[in-house]
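One chain is shown next in structure tokens, namely the form predicted on its own.
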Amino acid sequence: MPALFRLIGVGGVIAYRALFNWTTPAMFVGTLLVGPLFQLLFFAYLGRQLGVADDGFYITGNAVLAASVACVFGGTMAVSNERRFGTLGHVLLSPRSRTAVFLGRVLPYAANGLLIAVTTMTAASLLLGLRVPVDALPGLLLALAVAALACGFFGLTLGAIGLRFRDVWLVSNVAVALLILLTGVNVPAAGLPTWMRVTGELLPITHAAEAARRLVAGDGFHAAAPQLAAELAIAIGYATLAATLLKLFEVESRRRASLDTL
């Protein structure tokens, strides 16, 4: 068991340092911290102009969404960059559990996404004057953490698809756009067509954003608990799907001799 935890923890951190493509602190801050904040401000002021919802709706929703870029693309890179750099075969030849190796890689990206979400939420609240109840902070932190974890496993699922399809980055970019559109972070779910609402229920962020809004509104943890449980179920579902696809496509790629084909 200690060896398994070491594989998941240490292996995930090493893979994060090797495969996540940011090279300088300035790039990290500009891309992952400043970018989501400006996106939040854009939608908040657009919402003010159109009268769709108040600032709290956009601040909370976009703070949860802020974790998506780092987690989705990070989870994708955890698999696809191994193939890109020609090291995927070495990983698959390892006697260690590939499921533990790849699922463990999500944890650093989830922690990274949580940092981004907390930073975005804090900065936007200060800039736009959102007051968050003190007793809601632990639950809000939990909502952001579960959302980041769900996005990480969602990204790992996309990375697993990259073992079979070449242009996984096109899939990842479309997936992030769908998260913006279908999860209700910028458009109230009640205003979406039925098929969009149903699809959004199966995506990460949707339930976490709703839970975070209930907490910020002062409804208490008991009101947000069902949505948090649903988000956790989404995370477990994508983790299971990612592990299944990784195993399936590993076998298929071995048969086709296509592990390192770009």
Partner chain sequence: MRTLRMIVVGALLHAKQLSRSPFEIATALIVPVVQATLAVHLFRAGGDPGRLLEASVGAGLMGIWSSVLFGSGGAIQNQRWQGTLEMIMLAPRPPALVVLPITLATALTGTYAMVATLAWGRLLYGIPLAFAHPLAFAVAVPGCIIALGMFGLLLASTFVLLRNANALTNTLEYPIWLVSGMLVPVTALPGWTGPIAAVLPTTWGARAVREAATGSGPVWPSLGACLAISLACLALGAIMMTHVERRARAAATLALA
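Positions refer to the first chain, counted from 1. As the structure is a computational prediction, the values presented were derived from the model and not from experiment.
The following text describes the form predicted together with its partner chain, which does not appear among the structures shown.
Q: From the list 237, 30, 220, 226, which entry has a heavy atom within 4.5 Å of its partner chain in the predicted bound form?
A: Partner contact (heavy atom, 4.5 Å) among the options: 30.
Q: Just one of 134, 170, 93, 126 has a heavy atom within 4.5 angstroms of its partner chain in the predicted bound form, so which one?
A: Contact residue from the list: 170.
Q: Its partner chain isn't shown here, but in the predicted bound form, which of 171-179, 152-160, 139-147, 103-111 has heavy atoms within 4.5 Å of it?
A: Looking at the partner contacts, the answer comes out as 171-179.
Q: Whether 99, 243 and 249 jointly form a contact site for its partner chain in the predicted bound form is the question; each needs a heavy atom within 4.5 Å.
A: Not a single residue of the candidate spot has a heavy atom within 4.5 Å of its partner chain in the predicted bound form.
Q: Given that its partner chain is not shown alongside this chain, does residue 203 nevertheless sit within 4.5 Å of it in the predicted bound form, heavy atom to heavy atom?
A: Outside the cut-off, so no.
Q: Would you please decide whether residue 233 lies within 4.5 angstroms of its partner chain in the predicted bound form, comparing each non-hydrogen atom pair?
A: No, residue 233 stays farther than 4.5 Å from its partner chain in the predicted bound form.
Q: I'd like to know whether residue 119 contacts its partner chain in the predicted bound form, with contact meaning heavy atoms within 4.5 angstroms.
A: Heavy-atom contact with its partner chain at 4.5 Å: absent for residue 119.
Q: Give a yes or no for residue 34: in the predicted bound form, does one of its heavy atoms lie within 4.5 Å of a heavy atom belonging to its partner chain?
A: Contact with its partner chain, yes.
Q: With the partner left out here, which residues of 38-52 have a non-hydrogen atom within 4.5 Å of its partner chain in the predicted bound form?
A: Going through 38-52 in order - heavy atoms within 4.5 Å of its partner chain in the predicted bound form - the hits are 38, 39, 41, 42, 43, 45, 46, 49, 50, 52.
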